[in-house]
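The chain below stands alone and is given in structure tokens; this is the form predicted on its own.
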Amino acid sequence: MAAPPVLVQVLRERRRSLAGWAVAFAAICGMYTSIYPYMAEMNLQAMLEALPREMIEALGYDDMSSAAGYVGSATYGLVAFALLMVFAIGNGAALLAGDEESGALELELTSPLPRAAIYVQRLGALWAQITALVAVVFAVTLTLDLAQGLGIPTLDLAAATLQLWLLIGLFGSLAFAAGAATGRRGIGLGVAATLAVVSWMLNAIGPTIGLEWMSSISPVGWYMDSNPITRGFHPVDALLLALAAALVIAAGLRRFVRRDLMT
């Protein structure tokens, strides 16, 4: 079976950029994880307890006394989460709508490939890049866990990684689908970034004001409920993230194959 031509071409064009992101992810996530032993000596949990309880809950720093709690909050709940969001939303909006606006998509649209195939293959390239970067986060964290003897359960780390991958894939797909549906990169960026911020706020602020239901409707809440690593695998939340991504992708595809394109 021949390799999907559009997917292969997109990945080839972005291989250097992806390599740069991978190195940056490895360095930053590795730095945050590797300093845990020094943070533990400073009694980080006691320092945090001096802060208002609402602030600690909003930041997801409820449990920083264990390596799993620290990595789940600092690496998986903050650094990797934020950087992956920036990458996925930016690339998702640019992969189809950005190329449509610049005219780079015209050659593909005049080829025998149906629009649906172009959409699916470009989306596949986005998910492939997200997968590679999430794998870097997992590999670096697991390597440091084993090297430093942090004692983070590998299955729990793998579960958190899976749910992080689903969450980032959801918002990357949202940016991609919104851009594909409108032909505007800015709309893809705006829609996905706005909903990502709103989702984070619902999860962070809702429980602190007694409105726990806000977290239950937030995709970020489905990932971050308690701690991504210490809570283990939540199949219902993972399923919700996967279903939300599927709905977003289907809606974007339906609109893309029907609308007039800027060619």
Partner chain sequence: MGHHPIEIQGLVKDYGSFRALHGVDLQVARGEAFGFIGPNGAGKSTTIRCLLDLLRPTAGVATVLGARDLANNPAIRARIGYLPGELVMTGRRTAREHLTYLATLRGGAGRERIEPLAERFGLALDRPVNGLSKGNKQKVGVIGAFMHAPELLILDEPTSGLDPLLQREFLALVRETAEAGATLFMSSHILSEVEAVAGRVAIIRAGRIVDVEDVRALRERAGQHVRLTFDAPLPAEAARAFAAIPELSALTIDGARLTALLRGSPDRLLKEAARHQVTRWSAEDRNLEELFMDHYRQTSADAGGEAC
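Residue numbers count along the first chain shown, from 1. Just so it is clear, the structure is predicted and the values come from calculations on it, not from any experiment.
Beyond the structure shown, there is the form predicted in complex with its partner chain, which is absent from this document and is the topic of what follows.
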Candidate from S111, T143, T131, T154 lying within 4.5 Å of its partner chain in the model of the complex - any heavy atom: S111
A158, A135, A82, L107 - the one with a heavy atom within 4.5 Å of its partner chain in the model of the complex: L107
is_contact(S102, its partner chain) in the model of the complex, heavy atom dist at most 4.5 Å: yes
In the model of the complex, R115 touching its partner chain (heavy atom, 4.5 Å): yes
All of G30, I35 and R231 with a heavy atom within 4.5 Å of its partner chain in the model of the complex: no
